[in-house]
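Just one chain follows, in the form predicted alone, and it is written as structure tokens.
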Amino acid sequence: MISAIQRLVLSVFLILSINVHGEKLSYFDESLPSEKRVELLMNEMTLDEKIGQMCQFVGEASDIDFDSKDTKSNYTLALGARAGMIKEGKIGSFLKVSAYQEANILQSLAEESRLKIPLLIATDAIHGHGMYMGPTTIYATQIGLAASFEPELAELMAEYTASEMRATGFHWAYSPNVEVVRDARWGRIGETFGEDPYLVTEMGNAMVRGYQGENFDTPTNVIASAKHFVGGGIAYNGVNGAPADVSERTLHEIFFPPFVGSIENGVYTIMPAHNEINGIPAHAHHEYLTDLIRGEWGFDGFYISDWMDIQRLESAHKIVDSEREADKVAVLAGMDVHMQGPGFFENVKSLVENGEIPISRIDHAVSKILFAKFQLGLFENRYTNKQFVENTLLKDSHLELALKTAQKSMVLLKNNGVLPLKKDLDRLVITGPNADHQALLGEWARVQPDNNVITVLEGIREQYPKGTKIDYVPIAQHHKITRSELSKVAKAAKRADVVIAVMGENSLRFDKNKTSAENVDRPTLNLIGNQIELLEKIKASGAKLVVVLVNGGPIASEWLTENADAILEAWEPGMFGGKAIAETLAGKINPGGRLPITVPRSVGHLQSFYNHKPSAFHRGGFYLSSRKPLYYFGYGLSYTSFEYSNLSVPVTMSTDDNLSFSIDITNTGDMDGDEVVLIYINDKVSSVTTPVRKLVAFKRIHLKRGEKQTLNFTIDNKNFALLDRYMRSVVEPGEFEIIIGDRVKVQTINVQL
């Protein structure tokens, strides 16, 4: 064990060595590469200062007046012991910082520390800088972006979100969520990209590139965090944080690929999941965090724990009997930054001094954290200002993209000819709990100023400014519609040509009446409460019933599918969602989105996903019910029609080849529109079981009425591979089916050695 005097002598010797052998070398020298600056800084750091970089705490802005001349002193007082810890270099990053003024104060306290190391300011910027305490750009949530099948949208959204973060003093996005969903009850589906590993990977990769750029070294880049590794989307009973018991084969085939993709695209941080994986909590999983992700996949960044999850190794998972042991197990497993809690610092210091954690483990973690701070340019530019904030937030280009993400996410599930709505309607009724509600924003967003959000009611009124009488019947709550409200809707519907019922869920982060979200999982997949009763009243009136769904997870209602005249799945489309919905209903926008997740018939039909194994239903189905889902992955209608022709696929290929082919798509309908072309393969006979379909490529295109386009695809050889019984990746010779969406009969090719 090293004594305090020995540590002091060693520190002085290292500092003198730097002065003797290179007087001009300083970690403040921005001309040096980040790796060299890390080396120089670490040579000057004490053990306390190193462990401090591994500690993250939360801010304290709830009652602070940032316009007061005494703001810093008041805020420092509110921070209490944390202020002193910052000045002592014992805190490396902050979460739950609400405003740019708060970020500046925290950085000024860090600049008072001996080494003046800036702080990393982190936030859950999932679909915009939504947790910021002030108006920001809120885009469609991830499940809506996935429905667009357009990774370019996700990349640009992340890029714009990063610029708003940096303008307000934030540097680290806890995004993207690249978990694959296999249980529709899970309340966090809205912040995911759905059920298919290829789609999730492509969308997640795009967001990583958008946040980080080439190497996160510009003033508008932030570092991203791929989360949550792994299995949250298949947890016990669909409950957030519950155990995930899943085979190694399924992990490698379904759940791991999006994380591999993020690493290949340079993601710099990874957040483990709340849950355990086959008996081992994610935050204590050395075999995954160190051996697999770092050792085999080449991850070169650092890990951040999820909220209090290291402590939960003791309190929830029961694999240790104290928080000290929890900290030891987590750090030795590979954890680098601890999210929230004062005990971690003292525990880790004691563990290092007692030889239970090697200093090399600490040095490795700290070097990765410091590299991010140098690469982001925080030593030179740790502060922001009001002008920078005002020039960046809610820029026109950001607002235009917010509308576009909403427009592209619309999925038309049913249409009996009522849509697009006629321009000469006499009377429209608009009702439903989401008709005039900011539930459009989705999870991980604060309520925005009313003038910055267009609700469905406002959007419809904009589309029908005069001529059509619009009656609005408000519904106060999602989970309990009153008798009086039901009566008013029934009465109004009898006088209407069309009733637009805006139904669904509410996942607003700080709404006490939210019905789904993080830690609010769903016991039913049907519309919550008595929303169906409201729709039954409308149906009985004889008016045409158009249902708009605003929701994060899929809504499974056989009644709705059978009785509505039209159903538009809008997901949680963000701040301009009401405009996009109204434009779609009116026909100004032709819906082109496709489902990124299967919609089962009921909660009793779980699990439902398209890429199941061949034997899943070979012995029959459900009692008195179809085994088929209400809507399958990739489903979506249009106001126009498309014809596929001239598929040109080679008859044979070798096991080492990529597959190149072409197909023509023609818009044969009466409107311009978007088509999502989905390419699947099926290994007809394989040595281990493989899915009935596997998505391997997709492309969204826009075709004018009568226009034809030839699309060329190249399918990488690795997509034909399977994991054999020894978990080796091989391409086996034999017949493969190439399946183009649902519009082209399968084409068989022969893969030969």
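Being a predicted model, the structure only gives us computed values, none of them experimental. In case it trips you up, residue 1 is the first one in the sequence shown, and so on.
Absent from the display: the form predicted together with beta-D-glucopyranose. The rest refers to it.
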Here the chain appears without its partner; judged in the predicted complex, the stretch of 619 to 627, 637 to 645, 150 to 158, 267 to 275 with heavy atoms within 4.5 Å of beta-D-glucopyranose is 267 to 275
Just to confirm, with a 4.5 Å cut-off on non-hydrogen atoms, which of 576, 444, 229, 344 contacts beta-D-glucopyranose in the predicted complex? 444
Only one of 349, 96, 286, 479 gets a heavy atom within 4.5 Å of beta-D-glucopyranose in the predicted complex. Which one? 96
For residue 683, is any heavy atom within 4.5 Å of beta-D-glucopyranose in the predicted complex, or not? no
Going by a heavy atom distance of 4.5 Å, is residue 174 a contact of beta-D-glucopyranose in the predicted complex? yes
Since only the chain is shown here, I'm wondering whether residue 129 would be in contact with beta-D-glucopyranose in the predicted complex (any heavy atom pair within 4.5 Å). no
Is there a non-hydrogen atom of residue 183 within 4.5 angstroms of a non-hydrogen atom of beta-D-glucopyranose in the predicted complex? no
In the predicted complex, which residues of 303 to 324 put a heavy atom within 4.5 Å of beta-D-glucopyranose? 306, 307
